[in-house]
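One chain comes next, on its own, written out as structure tokens in the form predicted on its own.
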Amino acid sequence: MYIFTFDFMQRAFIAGIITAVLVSAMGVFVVLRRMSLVGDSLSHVALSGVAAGMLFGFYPFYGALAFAALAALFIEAIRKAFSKYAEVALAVVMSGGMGLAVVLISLGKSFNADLFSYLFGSLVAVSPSDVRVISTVGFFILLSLAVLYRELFSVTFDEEAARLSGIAVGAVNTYFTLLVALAVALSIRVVGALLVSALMVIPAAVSMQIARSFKATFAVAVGVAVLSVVSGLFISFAFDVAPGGTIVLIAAAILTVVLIIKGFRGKLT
């Protein structure tokens, strides 16, 4: 247990577990709404916020939060304009966000170790202020999910029925996308901007293979995400490898094992 004698590892575990719970819980709704690429889209824009912070001299983490939130509003605006082709919004935001990030990075000549930590995650990069922001915003996101659970459930499975029942579907969709944006921005410190989408989608995919109720889907997804983050942080510390990639590989391995076992059982029956 000597690993916990290091302050940076304590911060990494706190931030990692909080983000695992947030992203996996959001991921269940994201996958069911067939918006699996929203994490990729928002993470690219969040990276632009990081680059802007480095270029203009403000805290990059705050830039990631602000840029991701603005991108969420932009996604919803485009989705309304292309109601039959909602995936267009994700493609536009993803490409635009990455293009902006490249331009800002080239202007600031800021492709350094700190930016690398935002791309792929880092154990030593999580600061005390990061933990405070992740904890505060994370509590707000979880509280929002709890308060809006029934509305999100209705909108996820049948938007038209939800609208007829009096739910403000447009407002719920916009607020949910904002929550996803905040969760993505929080996660890039541990997992990295290029890998956060995988942590959002893979645990949800595992849970949908083995859970037998909607609430159980959340429990399994959160369990898989937390297991992946905790074991990934231990392995990355022991072997000095990037935590983001390690966490995602563990989650992918769990999904692979589940699919193999389920396929084997299907052949037996």
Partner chain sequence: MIAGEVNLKSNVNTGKIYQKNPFAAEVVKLIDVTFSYNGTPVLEGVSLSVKAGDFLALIGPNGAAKSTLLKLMVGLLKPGTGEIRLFGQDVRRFREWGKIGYMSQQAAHVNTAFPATVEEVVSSGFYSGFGRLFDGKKRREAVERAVDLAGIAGLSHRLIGELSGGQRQKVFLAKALVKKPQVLFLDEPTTGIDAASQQEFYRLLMDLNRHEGITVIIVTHDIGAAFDKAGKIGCVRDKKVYIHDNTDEVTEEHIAEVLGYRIPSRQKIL
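The structure displayed is predicted, hence computed values, not measured ones. Positions refer to the first chain, counted from 1.
Keep in mind that the form predicted in complex with its partner chain is missing from the display, and what follows is about it.
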**Prompt:** Quick one: of L70, L227, M208, L55, which gets a non-hydrogen atom within 4.5 angstroms of its partner chain in the predicted bound form?
**Reply:** M208
**Item:** Listed residue (S127, S135, S154, T174) with a non-hydrogen atom within 4.5 angstroms of its partner chain in the predicted bound form
**Value:** S154
**Which of 40-48, 230-238, 55-63, 211-219 lines the interface with its partner chain in the predicted bound form (heavy atom within 4.5 Å)** = 211-219
**Item:** K80 within 4.5 Å of its partner chain in the predicted bound form, heavy atoms
**Value:** no
**Message:** Does any part of L107 reach within 4.5 Å of its partner chain in the predicted bound form? Heavy atoms only, please.
**Reply:** no
**Request:** Please run the contact check for V88 against its partner chain in the predicted bound form: heavy atoms, 4.5 angstroms, yes or no?
**Result:** no
**Asked** Though only this chain appears here, would V147 touch its partner chain in the predicted bound form if you measure heavy atom gaps against 4.5 Å?
**Response** yes
**Asked** In sequence order, which positions of 164-181 have a non-hydrogen atom within 4.5 Å of its partner chain in the predicted bound form?
**Response** L164, S165, G166, I167
